[in-house]
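Below you'll find only one chain, the form predicted on its own, shown as structure tokens.
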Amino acid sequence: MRADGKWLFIVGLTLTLLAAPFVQAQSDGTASPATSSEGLDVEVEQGGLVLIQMAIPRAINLDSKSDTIGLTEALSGTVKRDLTISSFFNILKPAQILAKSDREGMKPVYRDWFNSGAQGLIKISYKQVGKKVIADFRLFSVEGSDQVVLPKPFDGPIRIDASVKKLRAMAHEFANEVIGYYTKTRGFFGTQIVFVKGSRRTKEIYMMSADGVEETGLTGTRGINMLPSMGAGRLYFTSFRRGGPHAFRLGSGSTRPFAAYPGLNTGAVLSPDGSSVALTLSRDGNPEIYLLHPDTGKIKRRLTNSEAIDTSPAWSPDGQRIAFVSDRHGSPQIFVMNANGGGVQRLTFQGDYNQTPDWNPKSGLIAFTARDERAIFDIFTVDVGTKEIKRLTQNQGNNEEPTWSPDGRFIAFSSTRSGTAKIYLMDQTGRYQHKLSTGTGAYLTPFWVRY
């Protein structure tokens, strides 16, 4: 027989959203105020990377008519936000800039930009022609006094539909190329994050752009929906509709039941090759990890078989192993096993409540949530090979549910540091923490779409 404590553990892992900490109180009992600067909350740890000094003046409107639909912000504002979030650049403030960007047009006076302290310069111009916008994105090396040659389509003016969404998408692509030029790895902008957004009564699944600006609701049940994951264009989530908790799948515009076995059906996540879904079922009385067919939900294989609670599966990048949480040695810890259920290894040996693992898509690091001696949750990483553990957050409210960016260089997570839970971003060392989410309400359990 399982002890009551074990059931409290599994309820805590799978039903966290029902009692999520929406407000983190300060020591005086008041809620921590949120701070904002141009839509970004940024906390930079000293002693980090040497940032590239980048100037990004407002996009130049070549039209005789004024911008009434936000084209300027969609272009230069998006690039500026992206490069700030990327943590590789220090964006010069307007008061620091001596150059007259509008007056010089698209041909910079390098001396003025150099005297402003810029190493790099981005200039964008645009003009409306009917229902199209002709946009010109350029990157300049101020130190080299020349224009940087970027790959197509950024080797000349681009004709784009006069749509803010499409202009933002092109601006994201340009930002990715700029990041790639300086770091040899393209940025992650243009990717999506799914998450839970809700109040004390309802929890719905949403999707947002990687810069946090655009949000789209994916469920509208006015009920409890939780634990989203997404791969190959399919959204999997757990819901209490139809009696639940059952797993559902959203794809091609329709939602349908995926797994409705007796007991828990939670934490479904698609394998990198799309051949299987790993999730937790308690159909036989004990929460265990199973593999299911990604379309039918039929059981393909049971992976764990113990008296303990096994849950929260997370795939390795090659799909050959799965990280998971188990209390088989007394307290919830992070384990890994082969994708067939064999070769189980324990990764964490410290802390008494470790959960929500997510495997870096480019390395052997696993990010996870741990509760410390003060009953506060923070983000850690553990190296699968060496088992070395590093702490990434501390003294900033509750920080939970880490999820890696597709390039493996950043982690998005939920944090209550500003009061209500929001989604934040940091690099894999814990530096350069930014608030991504821009809307109201609580933002919980983010999952970064990687394939």
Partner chain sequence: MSNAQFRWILIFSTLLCLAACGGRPVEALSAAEKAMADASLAKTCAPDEYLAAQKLLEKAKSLAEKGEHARAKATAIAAEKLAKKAIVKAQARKDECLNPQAPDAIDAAEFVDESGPGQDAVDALSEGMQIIYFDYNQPTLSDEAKATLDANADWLLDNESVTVTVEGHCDERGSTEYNLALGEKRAQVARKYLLRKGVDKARISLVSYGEERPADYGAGEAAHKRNRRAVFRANE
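Positions refer to the first chain, counted from 1. Just so it is clear, the structure is predicted and the values come from calculations on it, not from any experiment.
Not pictured, yet referred to below: the form predicted in complex with the partner chain.
The stretch among 82 to 90, 309 to 317, 97 to 105, 163 to 171 whose residues place heavy atoms within 4.5 Å of the partner chain in the predicted complex is 309 to 317. For Ser363, no non-hydrogen atom is located within 4.5 Å of the partner chain in the predicted complex, even though that partner is not displayed. Taking non-hydrogen atoms only, Tyr353 approaches the partner chain to within 4.5 angstroms in the predicted complex. Though the partner is left out of this view, Thr266 does reach within 4.5 Å of the partner chain in the predicted complex, counting heavy atoms only. Not displayed here, the partner chain is approached by Gly244 to within 4.5 Å at the level of heavy atoms in the predicted complex. Think of it this way: in the predicted complex, the partner chain has a heavy atom of just one of Gly285, Gly343, Gly217, Gly156 within 4.5 Å, and the residue is Gly285. Of the residues given (Arg256, Lys298, Arg200, Arg111), Arg200 alone sits with a heavy atom within 4.5 Å of the partner chain in the predicted complex. The three marked residues, Val178, Ser209 and Asp427, fail to reach the partner chain in the predicted complex, with no heavy atom of any inside 4.5 Å. Of all the residues from 369 to 400, those having a non-hydrogen atom no more than 4.5 Å from the partner chain in the predicted complex are Arg371, Phe377, Glu400.
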